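This document starts with one chain, in the form predicted alone, laid out as structure tokens.
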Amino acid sequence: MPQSPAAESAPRTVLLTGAAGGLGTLMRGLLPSCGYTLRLLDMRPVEGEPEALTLDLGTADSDTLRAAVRGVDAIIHLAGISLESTFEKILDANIRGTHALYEAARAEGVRRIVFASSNHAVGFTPVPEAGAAPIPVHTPRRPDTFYGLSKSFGEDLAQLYWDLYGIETVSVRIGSCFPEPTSVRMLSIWLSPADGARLLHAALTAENVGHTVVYGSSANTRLWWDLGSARALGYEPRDDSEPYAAELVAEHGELDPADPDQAHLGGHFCTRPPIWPH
């Protein structure tokens, strides 16, 4: 069984893919305070980081990818298309790119990956009624888009590489990680940036994770899903979206389960998904 990264000395070097994106930008500002040295990678230049690697995971050759992961202790994989797009674009960026990264990790002996999955892997799961049990991580996957489908693939790929090669992965079904929630739906799935860093730190340092799936959100009063598997890693969320609730509800009203845009976990991704602009 491979040694857990928790047993290795800190600070560790972590490859952060998608470093120029919204979540990547937040995390590259927060994770160094946890003791990590970050190697940054994105398909476009990372502002203010001239040493960041610029390459496309979906099209880069294997030698280039191996060089990108060589010597790191772990990988946080945030790169990819984060909205809906054509299947062909999703295939290149999210499916081929993720597979290529895992192959490079296998070849270079990287033993821990944190994979940015998404709530959209289970997007067609009905929103739980008030007082109902939270949605467990083992609920059947019901992707709401090609994007959500690619995250389901990523979770299965992580399981395969654990079973075949002993590469450990924590797949984090991220809700919405923003400085503050911007919609009533987000009150239930909001992940504060500070809690996001805490969760990634727990995912990097917990021992014997095999392939573990967790939901990624703060300890929201209106939480829809079960954070048990995330807490089992040592994650202790400290934030709650409820201080933002009164203003958002006053502006937009409470969610209406009879509204097709609001009836499922994935929200309007199930009915009119936002399209990747690139």
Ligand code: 15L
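These numbers come from a predicted model, not from an experiment. Don't overthink the numbering: it's just position in the shown sequence, from 1.
What follows is about the form predicted in complex with D-galactaro-1,5-lactone, which we do not show.
Asks: By the heavy atom within 4.5 Å rule, which residue out of F124, F153, F178, Y161 makes contact with D-galactaro-1,5-lactone in the predicted bound form?
Replies: For this set of options, the contacting one is F178.
Asks: Just to be sure I understand the contacts: of S85, N119, S188, T98, which is the one whose heavy atoms reach within 4.5 angstroms of D-galactaro-1,5-lactone in the predicted bound form?
Replies: That would be N119.
Asks: In the predicted bound form, is there a heavy atom of D-galactaro-1,5-lactone that lies within 4.5 Å of any heavy atom of F115, even though the partner is absent here?
Replies: Answer no; every heavy atom of F115 is more than 4.5 Å from D-galactaro-1,5-lactone in the predicted bound form.
Asks: Since only the chain is shown here, I'm wondering whether Y102 would be in contact with D-galactaro-1,5-lactone in the predicted bound form (any heavy atom pair within 4.5 Å).
Replies: Y102: no contact with D-galactaro-1,5-lactone in the predicted bound form.
Asks: Specify the contacting stretch among 104-112, 192-200, 134-142, 76-84, defined as having any heavy atom within 4.5 Å of D-galactaro-1,5-lactone in the predicted bound form.
Replies: Of the options, only 76-84 has residues within 4.5 Å of the partner.
Asks: Can you tell me which bits of 130-158 touch D-galactaro-1,5-lactone in the predicted bound form, meaning any heavy atom within 4.5 Å?
Replies: Result: Y147 alone.
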